[in-house]
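Before any questions on binding or motion, here is one chain by itself as structure tokens, the form predicted on its own.
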Amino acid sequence: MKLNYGIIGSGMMGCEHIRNLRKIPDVDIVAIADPDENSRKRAKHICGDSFQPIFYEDHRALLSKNSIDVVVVSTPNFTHIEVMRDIFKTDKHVLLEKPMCTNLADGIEVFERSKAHSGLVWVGLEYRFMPPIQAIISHTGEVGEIKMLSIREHRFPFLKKVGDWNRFNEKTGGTLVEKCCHFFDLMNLMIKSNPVKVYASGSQSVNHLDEAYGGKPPDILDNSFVIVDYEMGQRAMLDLCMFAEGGRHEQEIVLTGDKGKLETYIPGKELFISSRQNNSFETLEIKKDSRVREEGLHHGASYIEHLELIDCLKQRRPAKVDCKDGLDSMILGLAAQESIKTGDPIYLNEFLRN
């Protein structure tokens, strides 16, 4: 079964997808669409001799090609809704990059319309497939009932993007949607309960303060603490700092149960499993997934994401990361942004009614 791909958006993530697909058998990229000439040139260079796609400026021309089976949407966040509206007019399968959308109304629209779409709709929350995350998930049962999850990301500022669209909440959804939907997805995945309340503190303290675009200063956060309460009493916390380059680890994940805890790092090759009963811990080696042929920017996770998507298509199974997951991760980010804005905790049942 050979799959023909179309790539809509050939910026940083679009090119990452091209690199991944180049290493996967029985895949061809037959078309790429991007309105930016330099982005198209970069994509052509990365395709090399592996693919000979037709290039378009307009994604609708790409979608008109009947030969395309799967579309990857890696355009700027604020364009996702319009691109998806056009895709929903077709029967094509789609991998929609995170965040699914930038606001609640658009996210709900994509979620509802995905139910009737004849093709598979997969949301690009690939952090799930990082080896340290998979290691934690596979050992969750060893620490009893999960009570707490702590995720820390201390990293570099947002990179430059075409048109500087990632400098503004309006176009990104805000830092806690754009970047942190990954972590909110992991919270929901590991805790396996419904979030009920979000409270957050954050600001723009260091980054982009001396920048202006069209006379407007950037308004994206560069640091935050977010706490999420779940209905069964569990809680999760995100510690985000985007002016913390040079650290040994970019991310730290600690999952604590009533019998022990699991700790790991990204990048990292070890999982620490501690036991309350023995007052001790053991260290397990985290092995690279043997299927990975392209490490890319996400430690092989994007490559595995494509393999899993292709397997779902071949086996005629639903997406492992669907629009419900994409919407839920968005909701927590949007609620956290609202909590920072108002200074109040956000109760999700009320937030979703407004």
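Keep in mind that this is a model prediction, so the values were computed, not measured. Residue numbers here begin at 1 and follow the sequence given.
Keep in mind that the form predicted together with a small molecule is missing from the display, and what follows is about it.
Peer 1: Contact check in the model of the complex: C180, D222 and Q251 versus the small molecule, with a cutoff of 4.5 Å between any heavy atoms. Do all three pass?
Peer 2: No.
Peer 1: From the list T264, T75, N188, T175, which entry has a heavy atom within 4.5 Å of the small molecule in the model of the complex?
Peer 2: None of the others qualify; the residue that does is T75.
Peer 1: Under a 4.5 angstroms heavy atom criterion, identify the one residue in K259, K192, K161, R85 near the small molecule in the model of the complex.
Peer 2: Going through each option in turn, the one that passes is K161.
Peer 1: Verify the contact flag for P132: yes if a non-hydrogen atom of it lies within 4.5 Å of a non-hydrogen atom of the small molecule in the model of the complex, no if not.
Peer 2: No, no contact at 4.5 Å.
Peer 1: Given that the partner is absent here, does G9 sit within 4.5 Å of the small molecule in the model of the complex, heavy atoms only?
Peer 2: Yes.
Peer 1: So, L63 and the small molecule: in the model of the complex, are they within 4.5 Å at any heavy atom pair?
Peer 2: No.
Peer 1: Heavy atoms within 4.5 Å of the small molecule in the model of the complex: does F168 have any?
Peer 2: No - in the model of the complex, heavy atoms of F168 and the small molecule never come within 4.5 Å of each other.
Peer 1: Could you tell me which of 277 to 285, 98 to 106, 146 to 154, 112 to 120 sits within 4.5 Å of the small molecule in the model of the complex, going by non-hydrogen atoms?
Peer 2: Within 4.5 Å of the partner lies stretch 98 to 106.
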